[in-house]
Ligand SMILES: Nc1ncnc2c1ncn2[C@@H]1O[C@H](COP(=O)(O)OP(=O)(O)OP(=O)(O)O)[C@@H](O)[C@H]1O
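Encoded as structure tokens, the following chain is the form predicted alone, with no partner shown.
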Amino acid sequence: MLSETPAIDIRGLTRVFESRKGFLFREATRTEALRGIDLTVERGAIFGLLGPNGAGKTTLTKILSTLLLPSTGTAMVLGHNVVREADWLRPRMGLVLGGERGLYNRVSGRENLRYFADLYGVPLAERERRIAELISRVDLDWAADRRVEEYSRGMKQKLHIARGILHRPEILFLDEPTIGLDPKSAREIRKLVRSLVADGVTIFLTTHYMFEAEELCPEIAILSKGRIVARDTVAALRQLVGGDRTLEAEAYGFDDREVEALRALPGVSKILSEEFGPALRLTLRVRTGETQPEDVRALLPNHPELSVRERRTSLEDVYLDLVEEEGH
């Protein structure tokens, strides 16, 4: 049955952009935005695709939402091919791109939604009730009849989301939904996104904000240079890079003997070194609870300025570790 199929099923997906430059456009350039993506996303949750600017997140989102053709490979959404069955898919999906474009600034928020409701085929008898319901849901009742050009960026993003779910899509693509927003507006958008899952909507969220992905997404894939370098829960990804705990030791330098002694501590899986001005920071990934900050201090007695602290391994740690490995 259709409901048993994944929300998204991608196999060997690539996208190459080719262009020409130089005198008489004789110099051809070839950019591989996606390099063999395999990914399955189940229905009914928020799935996060995380990566820096230029990793290929928006390219993948545009392919899945039928706005861009892949170069090779296949992409299935709701059990249907995004190339051959785009007409079937488009009424069943919503798309919200970050940024200012996609709204009509010289008319009101309510009139914007009326236009898109007609475009999406929302029945006329249902249109006004649906618009009023969404305006209330995104907390824009007080501004619904003001011109969109008077809206703040956060208000526009709320209107974008209302527009994206007007026609009750089965799957919603959110591409960097909080980019450029102030902390209060970003928090309101995240709260709104979480509420959509209760409607049974599958959400495919792209972001480069690590904390946002960690807060919203039960499962995450990390995209780097057009490839998926890891995919799992946040807890499993922490173990993948060496542990749930991180110990940091900072001083004015460590010799090789000291580093090797730290490496031999129980549960230490990886040590990373990073300069901070005149100081050097050693970051220890720890898999177990055996090694404590005092054990690190005991091995570094010749550093009176030494500071050692413990914290939980963050998703940012996971991302940076994986991207560093990918670069080697």
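Everything quoted here is computed from the prediction, not taken from an experiment. Residue numbers run from 1 along the displayed sequence.
There is another form of this protein, the form predicted in complex with this ligand, and it is not shown here; the text below is about that form.
* To do: Counting only non-hydrogen atoms, choose the one of 48-56, 266-274, 285-293, 298-306 that falls within 4.5 Å of this ligand in the predicted complex.
  => Heavy atoms within 4.5 Å of this ligand in the predicted complex occur in 48-56.
* Asked: Taking this ligand in the predicted complex as the reference, which of Val41, Ile37, Ala33, Leu262 has a non-hydrogen atom within 4.5 Å?
  -> Looking at Val41, Ile37, Ala33, Leu262 one by one, just Ala33 meets the 4.5 Å heavy-atom criterion.
* To do: Could you work out which of His208, Arg238, Arg110, His167 is the residue within 4.5 angstroms of this ligand in the predicted complex, going by heavy atoms?
  => It is His208.
* **Glu176 within 4.5 Å of this ligand in the predicted complex, heavy atoms** => Output for Glu176 is yes: heavy atoms within 4.5 Å of this ligand.
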